[in-house]
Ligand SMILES: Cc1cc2nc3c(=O)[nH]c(=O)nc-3n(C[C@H](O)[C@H](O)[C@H](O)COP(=O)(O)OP(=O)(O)OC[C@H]3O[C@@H](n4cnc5c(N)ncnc54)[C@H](O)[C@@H]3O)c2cc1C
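One chain comes next, on its own, written as structure tokens: the form predicted on its own.
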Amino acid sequence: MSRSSHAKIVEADVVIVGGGPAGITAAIAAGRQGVRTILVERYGFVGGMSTAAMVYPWMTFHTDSGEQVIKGIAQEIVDRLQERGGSPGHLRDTVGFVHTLTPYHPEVYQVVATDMLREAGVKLLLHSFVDGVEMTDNTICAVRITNKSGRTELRAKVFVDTSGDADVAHLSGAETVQGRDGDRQSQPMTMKFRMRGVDLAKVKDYMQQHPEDFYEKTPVDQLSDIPLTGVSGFYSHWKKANVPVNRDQVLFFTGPAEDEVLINCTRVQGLDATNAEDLTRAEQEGRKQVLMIAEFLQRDVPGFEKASISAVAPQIGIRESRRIVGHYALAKEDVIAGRKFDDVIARSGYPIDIHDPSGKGVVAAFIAGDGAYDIPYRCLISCNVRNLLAAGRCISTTHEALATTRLTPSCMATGQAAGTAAALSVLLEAEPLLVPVDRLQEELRKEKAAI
């Protein structure tokens, strides 16, 4: 794409596009290596799906046995949130799907993240949308952003795509794939919302009286001793109400306030999150479903009689869209076997969790061995654009494996790895594929990554 003669030019070493959990940790990691780092975000705040789409809580930093396998900058963020009263830390998951989950206050998270970015020397550009990429010989020379100041070209040596939708990869001509093999259908989108005024003691009492109405792994026998953090069930209420949403259960998580819950029940299927018209339809359908589900909860579910909607996400939550084709694609078989890789740059203990692209249910597959699998460095490197890395939701995986790598703590971990690798690429004057893996792993361990 030709350069606009009216564009301002800004030079950097590393440019990271997308200020969500992966982009935040990538930028902090790169900045701490001493390279000139710019982080670009289209909204007026950072946090990505954790703030713009109200994805909550963070799941999970641990294996099913309780071993913490995601640390580093991600854990630093949790520590800083706890210091500010923005998180209670890691708590038991009372849904029972994973060992722990991590509630957090999104407004505090935004402040903590921007503080850490500033401390790392990162230049943050908000309200800026990437709409073009300049290429030379399979190498990105610059990304073009448009904002209130006009057009700016950000020129750098290495670029990291943490956009969630592989936008930079797509614009650069990097190879990408989307959805599942065959029909390209992706996991459904979900419009998250919060309700206040929920009587959680009444909810817990009903769960203890009717354990058969909840997810089979719910630790009902422990509910008297641990705080209620999540609920999956009320199967009979959902079935009887016949809410016109293609789902089979009620799912919500408690907090941040004592009478507050985050509802994860809407389901918008069959639409492409990278298509503007589809995304417009998804936003509208999601908000209609919010009102239907809130009415159902108030009318039929114990504990919600006096509850009301307190917030709806600014944008619909996206589980899956485009992802890069890297030098390796993490597969379902790697995850469920708990496979280890020599070029490991992150680990995860979250199971495969596929929300059916067209049906009602969720397909889960759990991790064998020690309960964790490795994510190799090769999954972060574009196979055909020489100076492009990816992190977060758009790394190189199969449709099935994405159903675990897309979770926020995993995105934070791959973000730290991508940012560190980008900085080393600059410092060593070597393209990302040629960065020595042992040196990358050494730097990640210095920053307390659990690899």
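Sequential numbering from 1, following the sequence displayed. Just so it is clear, the structure is predicted and the values come from calculations on it, not from any experiment.
Although not depicted, the form predicted in complex with this ligand is the subject of the following passage.
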{"property": "This ligand in the predicted bound form reached by all of H62, F97 and G371, non-hydrogen atom within 4.5 Å", "result": "no"}
{"property": "Exercise: A22 in contact with this ligand in the predicted bound form, heavy atom 4.5 Å", "result": "yes"}
{"property": "Any non-hydrogen atom of G31 within 4.5 angstroms of this ligand in the predicted bound form", "result": "no"}
{"property": "4.5 Å heavy atom contact, V130 to this ligand in the predicted bound form", "result": "yes"}
{"property": "Close approach of Q185 to this ligand in the predicted bound form, 4.5 Å, heavy atom", "result": "no"}
{"property": "Selected contact from S425, S382, T397, T408, since only one has a non-hydrogen atom within 4.5 angstroms of this ligand in the predicted bound form", "result": "T408"}
{"property": "A401, I70, L388, V55 - the one with a heavy atom within 4.5 Å of this ligand in the predicted bound form", "result": "V55"}
{"property": "Candidate stretches 72 to 80, 315 to 323, 339 to 347, 230 to 238, one within 4.5 Å of this ligand in the predicted bound form by heavy atom", "result": "315 to 323"}
{"property": "Sequence-ordered list of residues in 161 to 195 near this ligand in the predicted bound form, where near means a heavy atom within 4.5 Å", "result": "T162, S163, G164, D167, T190, K192"}
